[in-house]
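Next comes just one chain, in structure tokens: the form predicted on its own.
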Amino acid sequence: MQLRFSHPWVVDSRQGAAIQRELAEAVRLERACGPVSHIAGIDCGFRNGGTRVCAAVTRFTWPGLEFVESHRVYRPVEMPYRPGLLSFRELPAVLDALAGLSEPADLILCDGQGIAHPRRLGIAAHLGVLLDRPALGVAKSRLVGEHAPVGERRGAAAPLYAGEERIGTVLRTRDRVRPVYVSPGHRLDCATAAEWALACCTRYRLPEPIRKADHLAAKASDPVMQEQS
């Protein structure tokens, strides 16, 4: 899998922040992302006290949201935990998992942030820029920004702002269920990212590609750890 940019994955806080600021300059916020026939969902789960990570990737058809395939990768975590740099811990495994799909997806949905990040480079933005592929983040909680109250019905939304800059959308994906925080990662704008996130939600709070990846990442047993037990 060819990447547009190359950078080290094990960095200190200063180096990581500098890389994020540089990559954030390459993020493009656009209204249309081009034709979409397949959508990928991504999530990661940590094992063994955070020393190993499982990256799970799913692929669904669009329209129709029919499950096609999934792929899981287990890797040791090389990057220590540093606030704001979670994507450096997860993306090496995510890239390996994406490479395991039989064909690439046209749109990537990540469990996490897009530009709704202190340096505007959460995992969806980081991944989208590296692959130059449309990507968005759907987070279960807010990292940065402020917003007005959100209505209780499915589809109710409020813009998420950092000062005067819009960085995402607070979106109710089911009636009277806690909203999610949607932000564009790359080659989408805030409104388009929210439209895609809602369109991919069926009966659940999370978009179906992410929900399936979340289940796979959380439930799967690490074969290396099984061998050692």
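A residue's number is simply how far along the shown sequence it sits, counting from 1. This is a predicted model, so every value here is computed, not measured.
If you look for the form predicted in complex with the DNA, you will not find it shown, but the lines that follow are about it.
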Exactly one of A157, L95, L131, L86 comes within 4.5 Å of the DNA in the model of the complex through a heavy atom, and that residue is L86
Students should find that, of Y161, F46, Y204, F67, the residue having a non-hydrogen atom no more than 4.5 angstroms from the DNA in the model of the complex is F46
Non-hydrogen atom contact S102 with the DNA in the model of the complex at 4.5 angstroms:
no
Report task. Please run the contact check for L91 against the DNA in the model of the complex: heavy atoms, 4.5 angstroms, yes or no? Result -> no
Query - is_contact(L107, the DNA) in the model of the complex, heavy atom dist at most 4.5 Å - result: no
Residue-level contact is defined here as any heavy atom of the residue lying within 4.5 Å of the DNA in the model of the complex; does A139 satisfy this criterion?
yes
Counting only non-hydrogen atoms, the one stretch of 189 to 197, 57 to 65, 37 to 45, 167 to 175 within 4.5 angstroms of the DNA in the model of the complex is 37 to 45
Across 94 to 115, the residues having a non-hydrogen atom within 4.5 Å of the DNA in the model of the complex turn out to be D111, G112, Q113
